[in-house]
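Before any questions on how it binds or moves, here is one chain, the form predicted on its own, in structure tokens.
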């Protein structure tokens, strides 16, 4: 049995390349990192890697993580500036006994010492988005903060090993040094090959309040299906935050167990994810909340064409 699942339509191309690798017997660790790196390299995705949106001071600070479900080893970087493929740096850190989570200048220095490429990650298109968003929010006295689209990818290989990887440029207009859930083990990601894995996307400050990914894996270990675990964690956290904090942001997750069964949950109107398994052809799903459960169905060709046109459309300045 093999399988791969990812947050957001933007993961499709990477998953399309990694799914056949898993089917041919490749390791889950290689598959998820390669798939995330493909998203990082694509300049039209403004929430991940090259072309990601900058902080309030105009820098692109990138977060990424990797976890090996066999050993529970993990590596993560936060606020990494001008290094290509942060997810590969995170995977390299997972091989370190200590110092496996590095941030800021320390993360950059370590990456350069290890031979990772120095690359300017801020693009002119990202700055066009930046200026447009400023006009739409700050210039009108509105908050620029909103959920962001982290790519998180889970893989299961034929040997029964599982891995998970994440990458994001984080909250648009975030303060310098801000870190969300994506590089935080247990919140943005968690993986245990004996049970399964989960990864999250949305408002990191809220996702961290529920240790969201770990809690989903814990519930799968307790006997819940992936879909039951995903729905129960997302909606219970939403209810708790509304009752005790008074507000809640975007919360979306995907998960998979060691049998290749998967689940997804969201509290927003539109959440997409990509999945392929030995039993499930490569599919992009559109997920929507219906009361206390998440329903999803495959997108159609018209939706795919509209998506492609939208992300490549010129930015009106």
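Residue numbers count along the first chain shown, from 1. This structure is a prediction, so every number in the text was calculated from the model and none was measured.
As for the form predicted in complex with a small molecule, it is not shown, yet the points below apply to it.
Undergrad: In the predicted bound form, which of the listed residues (201, 163, 166, 212) lies with a heavy atom within 4.5 Å of the small molecule?
TA: It is 201 that has a heavy atom within 4.5 Å of the partner.
Undergrad: Which residue, 207, 153, 191, 87, has a heavy atom that falls within 4.5 Å of the small molecule in the predicted bound form?
TA: Comparing distances to the small molecule in the predicted bound form, the residue within 4.5 Å is 207.
Undergrad: Picking from 126 to 134, 170 to 178, 239 to 247, 95 to 103, which part of the chain touches the small molecule in the predicted bound form when contact means heavy atoms within 4.5 Å?
TA: This holds for exactly one stretch, 170 to 178.
Undergrad: Give a yes or no for residue 149: in the predicted bound form, does one of its heavy atoms lie within 4.5 Å of a heavy atom belonging to the small molecule?
TA: Yes, contact at 4.5 Å.
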